[in-house]
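In the block that follows, a single chain appears as structure tokens, in the form predicted on its own.
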Amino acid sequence: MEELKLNMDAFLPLRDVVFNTLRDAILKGELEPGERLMEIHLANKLGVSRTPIREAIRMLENEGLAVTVPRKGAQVAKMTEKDLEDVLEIRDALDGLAVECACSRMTEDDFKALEHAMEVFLDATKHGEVRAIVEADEEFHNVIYKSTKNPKLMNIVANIKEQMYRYRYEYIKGNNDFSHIVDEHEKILDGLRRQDVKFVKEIMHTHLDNQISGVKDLIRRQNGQEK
């Protein structure tokens, strides 16, 4: 908390600047699970009023990064295996539907966008910056969802994506070798080109399963439990 500084961005509303600053602090472990998010203290620390702090905390709650505890106020949310399983169970079902739609609707432009997203992800892994890798991985999957040509589905995914961000971030942060993710992306692209719904669903499911296993290990270590 002592090193917490506002990451100013002239193009964003103040609440978003505060939100990004607090989110980064949580994801990097500068604000630890269970730590209280006191509006007055944070406002003084960041040199802003309490209003953008309050709005930012609400946004953190939407992402599952903060919770409000009765009589205690807001605090950094602890990761639990149940929350992880619930979120990724929904994502698994949405991935299945997206694959069914994308296999019959993807255009050549969609495939070019997916290939470009693969290249960006590979480049990001070479530099090792966690946020860039996470965002590149998200964009790869976003291309698939966009190619379904189903705005309703994309809106639902956007909502669940916020709740997945922390788990995806922790999974990437805990990895030193991204070759298996690159391999999975290549197989997904190949399967989509062949319009092999069953194959792509299986790879997407494996993709999520690996994430669940990796983050579960982290949660258990944080709780002092055996694997």
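Predicted, not measured: the structure shown is a model, and the values here were computed from it. In this text, the rigid core denotes the largest set of C-alpha atoms whose superposition between the two forms falls within 1.5 Å. Residue indices: 1-based, along the sequence shown.
Here the subject shifts to the form predicted together with the DNA, a form of this protein not shown in this document.
Not displayed here, the DNA is kept clear of residue 216 by more than 4.5 Å at the level of heavy atoms in the predicted complex. Not displayed here, the DNA is approached by residue 40 to within 4.5 Å at the level of heavy atoms in the predicted complex. For residue 212, no non-hydrogen atom is located within 4.5 Å of the DNA in the predicted complex, even though that partner is not displayed. Although the partner is absent here, residue 208 lies well away from the DNA in the predicted complex, with no heavy atom inside 4.5 Å. Residues with any non-hydrogen atom within 4.5 angstroms of the DNA in the predicted complex fall in just one of 52-60, 184-192, 27-35, 170-178: 52-60. This chain lacks the partner; the member of 82, 105, 72, 126 within 4.5 angstroms of the DNA in the predicted complex by a non-hydrogen atom is 72. A movement of the C-alpha atom of residue 96 falling short of 2 angstroms is seen between the shown form and the other one when the two forms are aligned on their rigid core. Superposed on the core, the two forms barely differ at residue 106: its CA moves less than 2 Å between the shown form and the other one. After superposing the rigid core, the C-alpha of residue 72 moves by 2 Å or more between the shown form and the other one.
Compared with the form shown, the residue 163-residue 35 C-alpha separation decreases in the predicted complex, the change being 3 Å or greater.
In the predicted complex, the separation between the C-alpha atoms of residue 19 and residue 156 shrinks by 3 Å or more relative to the displayed form.
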